[in-house]
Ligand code: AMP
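Take a look at this single chain in structure tokens; it is the form predicted alone.
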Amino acid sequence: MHAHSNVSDGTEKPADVMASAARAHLDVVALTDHDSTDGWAEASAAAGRTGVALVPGMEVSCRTSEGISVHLLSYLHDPAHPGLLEEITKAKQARQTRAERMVTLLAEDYPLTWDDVIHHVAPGATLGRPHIADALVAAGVVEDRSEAFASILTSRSRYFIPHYAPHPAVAVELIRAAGGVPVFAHPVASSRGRIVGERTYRDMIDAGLAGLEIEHRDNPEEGRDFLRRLAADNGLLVTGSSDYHGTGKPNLLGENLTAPEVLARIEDLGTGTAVVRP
């Protein structure tokens, strides 16, 4: 229920993500590229060939008023909804500007140019730090994306620059308005940076949050216990996902799964589009 293609920061084309899901013996996969639905058509066309059902989705970049990054999965929303489309367009444009500024800073200390980064971005893709990481790998500065994010590109690095993103509660409301189902991605992944407090959870739940992505490799076990209690107390759906990026991350398709009854509930709630079945 959480996979990326090269429409954002994955390394495989949308159709290849579907083929990889088939090889992983999955019967359904969600394509959730960052702030983009441009991969939906290709992935939908591949559903029949691969025998894997597609949940059309997106991962929306958000930021709290305290500057904490939040990722929000949106399933089955209307990709043409004007309010949501306006916000993700602003976020994509901000990512581009942020990346350019980060590369300027990095170029002061490393053999890196903007052209080096663009070389790793598929046409029309949502540009992000993983593409900068790929350029650093190609330049021999780091071994892989994981090393880049653990050092040079961490949010604690002097090269890091934040970008515009909507407040997560606002994003929840927009996803709901677009007929989508909002699920908080890897909520307690403290290794990625600061995590939100109780107030943000409450704001998101009040706005219509539908679920929590609990079974995810970046959520520590003690955090998962907290999330399970929160889900039980507030009637939230519980999902499990790989956050697959092809060779861009070690995450493997199918390493965490979502129960069929949860997917059925997501289908009941989502009115903006539908699951594409082979």
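Residue numbers run from 1 along the displayed sequence. In this text, all values refer to a predicted model and were calculated from it rather than measured experimentally.
Omitted from view is the form predicted together with ligand AMP, to which the following refers.
Item to check | ligand AMP contact at His77 in the predicted complex, heavy atom, 4.5 Å | outcome: Residue-level check for His77: no, no contact with ligand AMP.
Item to check | Contact label in the predicted complex: Gly248 to ligand AMP, heavy atom within 4.5 Å | outcome: Yes.
Next on the checklist: Taking ligand AMP as it sits in the predicted complex, is Phe149 near enough to touch it, meaning that at least one heavy atom pair lies within 4.5 angstroms?
Outcome noted: Yes.
Checklist entry - Closest heavy atom of Arg98 to ligand AMP in the predicted complex, within 4.5 Å or not? => result Yes - in the predicted complex, heavy atoms of Arg98 and ligand AMP come within 4.5 Å of each other.
Item to check | in the predicted complex, segment of 207 to 215, 240 to 248, 43 to 51, 227 to 235 with a heavy atom within 4.5 Å of ligand AMP | outcome: Only one stretch passes the 4.5 Å heavy-atom test: 240 to 248.
Checklist entry - Which of Arg192, His167, Arg202, Lys90 has a heavy atom within 4.5 Å of ligand AMP in the predicted complex? => result For this set of options, the contacting one is Arg192.
Item to check | Partner contacts in the predicted complex for 125 to 148 (non-hydrogen atom within 4.5 angstroms of ligand AMP) | outcome: Going through 125 to 148 in order - heavy atoms within 4.5 Å of ligand AMP in the predicted complex - the hits are Gly128, Arg129, Pro130, Arg145, Ser146.
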